[in-house]
Ligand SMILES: Cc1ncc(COP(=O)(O)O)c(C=O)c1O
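In structure tokens, the next block holds one chain alone, the form predicted alone.
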Amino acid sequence: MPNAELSQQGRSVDDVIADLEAKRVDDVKWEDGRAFGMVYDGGPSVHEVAERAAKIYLHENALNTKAFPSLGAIQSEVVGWTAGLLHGDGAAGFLTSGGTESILCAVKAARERAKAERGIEAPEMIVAESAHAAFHKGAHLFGLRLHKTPVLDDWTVDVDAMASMVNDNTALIVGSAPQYPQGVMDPIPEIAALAASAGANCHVDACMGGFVLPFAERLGREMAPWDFRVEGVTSISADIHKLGYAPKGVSVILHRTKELRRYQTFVFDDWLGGFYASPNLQGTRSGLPMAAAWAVMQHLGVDGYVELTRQTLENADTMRAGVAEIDGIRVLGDGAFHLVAIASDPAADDPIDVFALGDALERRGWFHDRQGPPDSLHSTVSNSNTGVMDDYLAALRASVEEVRGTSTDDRSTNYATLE
């Protein structure tokens, strides 16, 4: 496909905006609660405060907070509030563009610490096959050898398998709270103890859970310890632009201490431009998502998040219960929070092809990501889905009947931006 050419003359504001609106016609209708992931809708007042903050900080640049001290204060306050939620007394960190960047920063920090404190020149990391793909990306970018271990029948990390991979070069061991594919909680205390015994970092990937679990705990949901209350946890990632209900893209990477945080930063002065330091992977950083996250967190407060989390968990519970009543499909794992993976039920008389099911749901306007193995439809349930779960389950039942006895040849599981 040949490259398009930029028009010689500019166009009116109204024409440009009209074209942008037209481009959205085939996008998922997240505003109607019909998407299970990608965008998280905290409601009209959350929209308003985020949009007003975004307009104020549309052009500001967090590359140099000496020029924009307000962004330095915003970052410090958002990081501090998040550390408080995760029981990180003394924890320190930075804002990033999203979960992938936070994870990459954790991998880089583990590598640098292993080299500085233990003299490791060929660092290694251990992750379960359920860990987010960003850890593999981090290993690739930063030159760590990655060991991938299987999960148990309940989809949680096999800590014994991890222990068998530990050696003198182990720099990082990873757990998830919860993991993305099936939404189950890894045994963080056991993983952290293993990492501590090896002198390695333990990173908890709470990109999905960081702004759910603290409030679920306040609602009385039972969960094993997973945050900085667990000895041996050295870093945690938590995405504000997921169930923190801030616009894309803003996440928090936290380290247990400022001493550990310094392994994340890059400092350099051997050029003609003077002292340069960057806390994460970006140089220039937009102030817009930082300010919007600050505004949303201040607007909601703990009570607001507790209420959004209550609705989210009720929505997810409703989905799990509805799936359990439909012959031919099942929920993978014993998830108790907001992530739901729907798969074929091999014990059923007539198992359903879930990818064909996903296509039928999409024709009815409901969007799920495909994933596997095993083949499943992934849902990140949120407050966005409040008020539509009965409609969704009706569509699910109708779609199951439509595809029963059929299958699709398309087995693709794209979770990507590719051309």
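The model shown is predicted, which means the values in this text are computed figures rather than measured ones. Note that residue numbering begins at 1 and tracks the sequence as displayed.
The next section is about a form of this same protein that is not shown, the form predicted together with the ligand.
Enquirer: What I'd like checked is whether Gly99, Tyr180 and Cys207 together line the ligand in the model of the complex, meaning each has a non-hydrogen atom within 4.5 Å of it.
Expert: Yes.
Enquirer: Among Arg261, Arg285, Arg330, Lys242, which has at least one heavy atom within 4.5 Å of the ligand in the model of the complex?
Expert: Of Arg261, Arg285, Arg330, Lys242, the residue with a heavy atom within 4.5 Å of the ligand in the model of the complex is Lys242.
Enquirer: Taking 4.5 Å between heavy atoms as the contact cutoff, choose which of Ala246, Ile103, Val252, Ala110 touches the ligand in the model of the complex.
Expert: Exactly one listed residue reaches within 4.5 Å, namely Ile103.
Enquirer: With the ligand left out here, work out from 73 to 81, 149 to 157, 226 to 234, 199 to 207 which stretch has heavy atoms within 4.5 Å of it in the model of the complex.
Expert: Going through the listed ranges, the match is 199 to 207.
Enquirer: Is His132 close enough to the ligand in the model of the complex to count, meaning some heavy atom within 4.5 Å?
Expert: Heavy-atom contact with the ligand at 4.5 Å: present for His132.
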